[in-house]
Structures are given as structure tokens and as C-alpha cells.
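Presented below, as C-alpha cells, is a lone chain in the form predicted on its own.
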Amino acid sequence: MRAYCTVDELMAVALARTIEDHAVVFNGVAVALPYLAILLAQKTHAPNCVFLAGLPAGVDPHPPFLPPTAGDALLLQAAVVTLPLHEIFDLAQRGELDRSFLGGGQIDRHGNLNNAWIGCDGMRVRLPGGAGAGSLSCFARKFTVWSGRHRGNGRSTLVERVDFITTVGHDTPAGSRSALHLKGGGPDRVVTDLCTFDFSGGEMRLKTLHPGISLTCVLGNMGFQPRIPGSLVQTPPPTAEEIQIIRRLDPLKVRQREFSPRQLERKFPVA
């Protein structure tokens, strides 16, 4: 019988595959899916990557399972050392942070993110705030953008222009990254529940379609037209080993809190 995975597992694998071996990687507050992706990468293709684990400030922790909150002491278990959060930002400003993972209530074609509010002429929706993402987006060598709200909510999530910039992408109304003298390289990957993107000329370019997802579906759930290559490929499916590791690391299924029950009904084949 063929094995299948759910959208949370497919996205965790896609996020993990943006991590290079030996990279120094940071993930912040209350975002289980990137935490899981980093732990997965360490156990598969990137065993030498260095994980700076957000609030508890554990370096390369080995929790027995993914806890429900990002501030749990489990994320200090077997850590090499603790590194206070302000030192992580100092490290980023020195150009020594290779990758971070950042999400947004709004994402535009240039990879700018908005986590402040929605409503250009007056706040309609209050978002949780940018926290340290503004600094990290300026200094991290690369960052991966992710969103589980592409299907059904994509026109309000993937927008032509964000209402407020909390996280800087490749180009802004105030100028490009080079014009603003930002040290970091900006976003290089976007992973959603429908597809993945990379960037070309500072704009999002469709890279892969998740199994069973059409180009029409992707574009119909976006507020702008991304760059589209001459040929499109399918997102490489997770391996059985990757899915086993995910389910072992996260028996509480904390990763699924980002998704609706309807989203979790979707099934994807495992390689």
C-alpha cells in the first residue's frame, strides 16, 4: 500500500530542504513548522547545520519531542550551550547568520512581509507585530518565507504590495536592498501549502507545484502574477524516512496547528 503524508509534513520537508549543511540557522517565536524543519534537516541532509533555537536560546538542542510552545525548557535539552537572544541578533549583524525562517500576514512579490496591521487607510486587522524579523531580514545572509494560507486566503496573503513592511524583501518603496545598504541577501525561497517559489530579479518566481496542484490553482489564489519559468516541475515528494522522522519528533502534532481541518484532509504521496 502506498504511503501518504499531509500538507504540514510536505511543507516541513520543503522548508528543511532550504537548509544547507554547515549553515547557522535561527528560528524564533511560536512557529512550530520551521522548528520541525530544522530538526529534520539535522537528522537527514544537513547534520552539521547549527540550530539557534529562539526563546530558550539553546544551541543545537535535542528535545525528545516538539513541545507545544517555543519557550519550553525542552528546547534546551542536550543543548551545546545557551546563547541569549540579544547575542543571536549581534551574530546576525556581524553577517554570521546563514538562514532564518520568517512568515507574514501579507507577502508581496518582492518578499516583503507585513505582520503589523492590514488596512492602508486605517487598521482593519491587527497582526502580532514584526518582533525581531525586521532586524533579521536586514542582516541574515538568506531567509526562507513560509505560509500555510495560500489556498483559499491567498489573495489577501500574497498581495501586490503589503500594507506595512515589517520584514524587508528585495525591493521597497524606499529603494532596493543595495540602495538601503542592507547587508543580508534577502529571501531566496517561499514555501506555501500549494507550491514553492524562488526569486529572479528580486521578484518571486514559481519553482515547483505540489502534487495535484495546477498552475491555475496557484495563480487563482494570488493577488499578483509571479514570474513563471518555461517549464514547471513537481515539488519532490518526502521520503518515507523523512515522514517517519517528522512523526517521531512531533507526536503531539504541534505542526498541524497552523492548518485547518480541511487543509489536513489533503494527502500527498511519499516517495
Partner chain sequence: MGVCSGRDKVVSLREAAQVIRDGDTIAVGGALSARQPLALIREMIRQGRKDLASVGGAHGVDVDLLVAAGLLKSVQHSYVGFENDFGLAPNYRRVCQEGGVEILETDCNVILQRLRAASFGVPFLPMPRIAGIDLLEGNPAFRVVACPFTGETLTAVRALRPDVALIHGLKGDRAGNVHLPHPHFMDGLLATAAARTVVTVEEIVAEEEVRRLGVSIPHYLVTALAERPFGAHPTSCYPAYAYDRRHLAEYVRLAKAGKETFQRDYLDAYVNSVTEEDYLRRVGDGEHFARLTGWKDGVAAWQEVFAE
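This one's a predicted model, so the numbers in the text were calculated from it and none came from an experiment. Numbering follows the first chain given and starts at 1.
Although it is not shown, the form predicted in complex with its partner chain is what the next lines describe.
J.: Residues in which of 129-137, 103-111, 193-201, 151-159 have heavy atoms within 4.5 Å of its partner chain in the model of the complex?
T.: Correct option: 129-137.
J.: Can you work out whether its partner chain is within 4.5 angstroms of a heavy atom in all three of 40, 96 and 207 in the model of the complex?
T.: No, the candidate spot makes no contact with its partner chain.
J.: Considering only heavy atoms, tell me if residue 224 and its partner chain come within 4.5 Å of each other in the model of the complex.
T.: Output for residue 224 is no: heavy atoms all beyond 4.5 Å of its partner chain.
J.: Considering only heavy atoms, tell me if residue 71 and its partner chain come within 4.5 Å of each other in the model of the complex.
T.: Yes - in the model of the complex, heavy atoms of residue 71 and its partner chain come within 4.5 Å of each other.
J.: Does residue 61 reach its partner chain in the model of the complex if we count a contact as any heavy atom within 4.5 Å?
T.: Close contact is absent here: in the model of the complex, residue 61 is far from its partner chain, nothing within 4.5 Å, heavy atoms only.
J.: Please run the contact check for residue 49 against its partner chain in the model of the complex: heavy atoms, 4.5 angstroms, yes or no?
T.: Outside the cut-off, so no.
J.: Listed by sequence position, which residues of 71-93 have a non-hydrogen atom within 4.5 angstroms of its partner chain in the model of the complex?
T.: Sequence-ordered list: 71, 72, 73, 74, 76, 77, 82, 85, 86, 89, 90, 93.
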